[in-house]
Structures are given as C-alpha cells and as structure tokens.
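Only one chain is shown below, in structure tokens, and it's the form predicted on its own.
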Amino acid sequence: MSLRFALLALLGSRPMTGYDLSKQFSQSVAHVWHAPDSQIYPELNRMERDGLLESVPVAWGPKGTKKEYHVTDAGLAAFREWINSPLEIRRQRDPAYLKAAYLEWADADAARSQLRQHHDYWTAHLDLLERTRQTLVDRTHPTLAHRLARHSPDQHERIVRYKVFAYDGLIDQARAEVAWADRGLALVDELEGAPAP
C-alpha cells in the first residue's frame, strides 16, 4: 500500500505523466521505496479508479496522447491521513543476513564473493545517496525544485530539512552495511584462512 503514497508524494510536487513519474520515482522515491514500472502503472490506474487521482490527455508525439495525472482533494486527504497515522514497523527479511548466519556451510571463496558483492553494492549506493543528498542541500534536485516552486518560501527550509533528514538515515544505513561486509570479510579470513596471493 505504501506505493500509492509514494506516488501521491511525487505527484504533490506537480502533475506528471506515467513516464515522467516513473523517471522521477527512480531518481528520488526509489531510494526509500523500490517499485518497478510493472507496479507503478497499474497502481496509477487503481488510484484514478479510487478517486485519488484524475488524468487529462496531453499531446505525445505527432498524433498520440498520454495521461497526465493530477492529485485530487481526496488524494491529498488520503496522503495526509497516511502521513499522520502511526508507523507500522516491519520485521526484516534480508537474504544477506540469513546467509551470513549460516556461512559455515559455504566455501570460503563463495563467502568472500558474497560479502564483496554486498560491499560493492552498498559502496556504490552510498555514493549515489550522498550525491542525491547534496542536490537536496543545494536545492538543485529536480523533484525538490518543483515542490519548492509550489510552496511559499517560508516553507522551504522545513521541506528541505526533512528530506535531508531522510537521506541522512539512508546514508547511515549504507555506511553500516559497508562496515558490516568489511567485518565479514575479515571474519572469513580469520576463520577460514586468508586467500592465497
């Protein structure tokens, strides 16, 4: 259900087509809530059916049209209700940690490979998060720029600081994942012997 609220949050900055929304989603909301296009487009249709969005046809190409989605008053009310509701904490389901608990069954090289993969993914993700955070701080992030344009200047600091706060948490998490993978690699070397040079 959180996908619809992520979409409402994005559309709160400006009306967008499904294509534009998918692009903006991958550059911002996807850092906190992953969803492929195969989930986004059907959810937009459901949200329109449920009265949270309305669409208008806009020109696309020489003869075509596509839908541009606008948040309705009902959509804004649903978003406000969701944002003010208690947080539902979900228990973790992460295969990296499940595997780590049973690495005694793995070959040392396979264990190292998996931990390096984890390390490399989170290192790259950390870099992306830090670069995105900077675009929030300097207010050049495209989605943020559209949102700020729709709000009075006295609200800008509040809008920016909450988004930076969210990214600070994501950055802390990514750093912890990199450090955890490094400790795992050291543990494999300690328990299984260092790899041959």
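Because the structure is predicted, anything quoted here is derived from the model rather than measured. In case it trips you up, residue 1 is the first one in the sequence shown, and so on.
Another form, the form predicted together with the DNA, is not on view; read the next lines as being about it.
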Where does the DNA sit in the predicted complex: which of 127-135, 145-153, 55-63, 167-175, heavy atoms within 4.5 Å? 55-63
Is Gly184 a contact residue for the DNA in the predicted complex, using a 4.5 Å heavy atom cut-off? no
Report whether the minimum heavy atom distance between Lys67 and the DNA in the predicted complex is within 4.5 Å. yes
Determine whether any heavy atom of Pro36 comes within 4.5 Å of a heavy atom of the DNA in the predicted complex, and answer yes or no. yes
Closest heavy atom of Pro42 to the DNA in the predicted complex, within 4.5 Å or not? yes
Contacts with the DNA in the predicted complex - residues in 82-115 whose heavy atoms fall within 4.5 Å: Arg91, Arg93
